[in-house]
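Take a look at this single chain, the form predicted alone, given in structure tokens.
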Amino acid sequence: MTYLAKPKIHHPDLPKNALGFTRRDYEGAISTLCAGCGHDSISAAIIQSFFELDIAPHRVAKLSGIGCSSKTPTYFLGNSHGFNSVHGRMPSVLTGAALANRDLIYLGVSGDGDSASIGLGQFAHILRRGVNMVYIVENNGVYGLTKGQFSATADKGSKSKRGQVNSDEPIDLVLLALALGATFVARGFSGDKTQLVPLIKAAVAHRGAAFIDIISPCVAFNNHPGSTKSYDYVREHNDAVNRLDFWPSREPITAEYPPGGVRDVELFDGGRIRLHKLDDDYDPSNKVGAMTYLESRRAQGEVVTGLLYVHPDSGDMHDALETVDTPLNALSDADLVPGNAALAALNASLR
């Protein structure tokens, strides 16, 4: 018999964050994914990120579509708000929720099939609108639930488990995110938690459209020689352009500057990202340079990871629409129906 529920009893000496929560309070149900799936490592990184950020689970809304990746919100932040939508349509639901209640922290979880195929149009519009969210794609290059067909992100020339060679050009969601106006763009690897956790924490603190493409090997169908999204391939071809540390605004920054190769980026809420540059020629504030670098490294067969682009002074959809500070779902009838005099004044102003 399989037990999916975790015991509610916690050891009294488990470490607690500033809110008094333990890491267990940020977990969800027991995963039913394949043992060794990269998606479970991403779930663990999300759990650790929100625990360390001292964010109460009920302040988070997690939304997903269809696929192995879209199952994963069940496995983290069990006490948060959640909505599992239809295939490729998560961005629409998230946009509506963010319009209605701007006070929640929005986490969209999707996959390469969910975002790069049926949901590609939705992916494009949520980024160009600057919805304040963290959009994570758990990218394994295959359709895991339907037995391992190539997805739209599979690299040309890569081989399937049965030996077929992909002849189609891949869709690079990072390049698309840059072109569409995302103001925080990163790529991570599920096998590198040291890099991934600070990336997620920094994305949560960023205001605007934050996108993280996470290479997440599928152990059942895409973790073999010839795959460009296997554990071995990514580890051997990983071009990490930077490592980063993240400090919330309430924490003093005490780290010393090492000689050269370090850059601080201050976020809108006073939080700070400290980038440790591993490639001296890489500038994460240069969008065009980032796109050029990504293309040049892809031609060499390398997988570029790290914080690829950040705009520290970005705004979001609410800024563009000039909505009120009060969440729309909390407005009273008096706020929403100001009366005939207000309507007459508005009409007069348009004549």
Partner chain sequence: MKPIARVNDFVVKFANVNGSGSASANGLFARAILRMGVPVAARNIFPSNIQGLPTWYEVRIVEAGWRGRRGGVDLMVAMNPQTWEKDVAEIEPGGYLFYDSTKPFPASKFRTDVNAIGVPLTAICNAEYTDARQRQLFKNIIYLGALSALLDIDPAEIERLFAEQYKGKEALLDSNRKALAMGRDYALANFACPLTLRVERRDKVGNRIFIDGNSAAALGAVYGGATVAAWYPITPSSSLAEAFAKHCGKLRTDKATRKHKYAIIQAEDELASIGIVIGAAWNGARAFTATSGPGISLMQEFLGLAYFAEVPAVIFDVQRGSPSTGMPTRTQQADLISCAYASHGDTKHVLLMPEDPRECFEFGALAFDLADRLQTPIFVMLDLDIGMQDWLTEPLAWDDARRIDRGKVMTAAALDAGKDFGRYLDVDGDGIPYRTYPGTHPSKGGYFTRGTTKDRYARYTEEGPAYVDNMQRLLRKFETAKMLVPAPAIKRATQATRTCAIWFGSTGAAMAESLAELDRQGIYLDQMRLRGFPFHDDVADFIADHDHVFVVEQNRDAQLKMLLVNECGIDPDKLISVLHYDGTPITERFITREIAEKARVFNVTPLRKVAR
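Because the structure is predicted, anything quoted here is derived from the model rather than measured. Under this definition, the rigid core comprises the largest set of C-alpha atoms superposing within 1.5 Å between the forms. Residue numbers count along the first chain shown, from 1.
Just so you know, the form predicted together with the partner chain exists too; it's not on screen, but the next bit is about it.
Picking from 123-131, 271-279, 183-191, 200-208 the stretch near the partner chain in the predicted bound form, with a 4.5 Å limit on heavy atoms, gives 123-131.
Remark: R243 does not count among the residues lining the partner chain in the predicted bound form, judged by a heavy atom distance of 4.5 Å or less. Proximity of V93 to the partner chain in the predicted bound form falls within the 4.5 Å heavy atom cutoff.
When the partner chain is considered in the predicted bound form, G226 lies well away from it, no heavy atom lying within 4.5 Å. Interface membership of D325, defined by any non-hydrogen atom within 4.5 Å of the partner chain in the predicted bound form, is confirmed. The contact with the partner chain in the predicted bound form, taken as any heavy atom within 4.5 Å, belongs to P73 out of P170, G148, P248, P73.
Using a 4.5 Å cut-off to the partner chain in the predicted bound form, not one of G28, G36 and V288 places a heavy atom inside that distance. Residues are counted as partner-facing when one of their heavy atoms sits within 4.5 Å of the partner chain in the predicted bound form; in 315-351 these are M317, L321, E322, T323, V324, D325, L328, N329, L331, D333, D335, L336, V337, P338, G339, N340, A342, L343, L346, N347, S349, L350, R351, in sequence order. Annotation for A18: C-alpha shift under 2 angstroms between this form and the one not shown, rigid core superposed.
Core-superposed comparison between this form and the one not shown: CA of N340 displaced by 2 Å or more.
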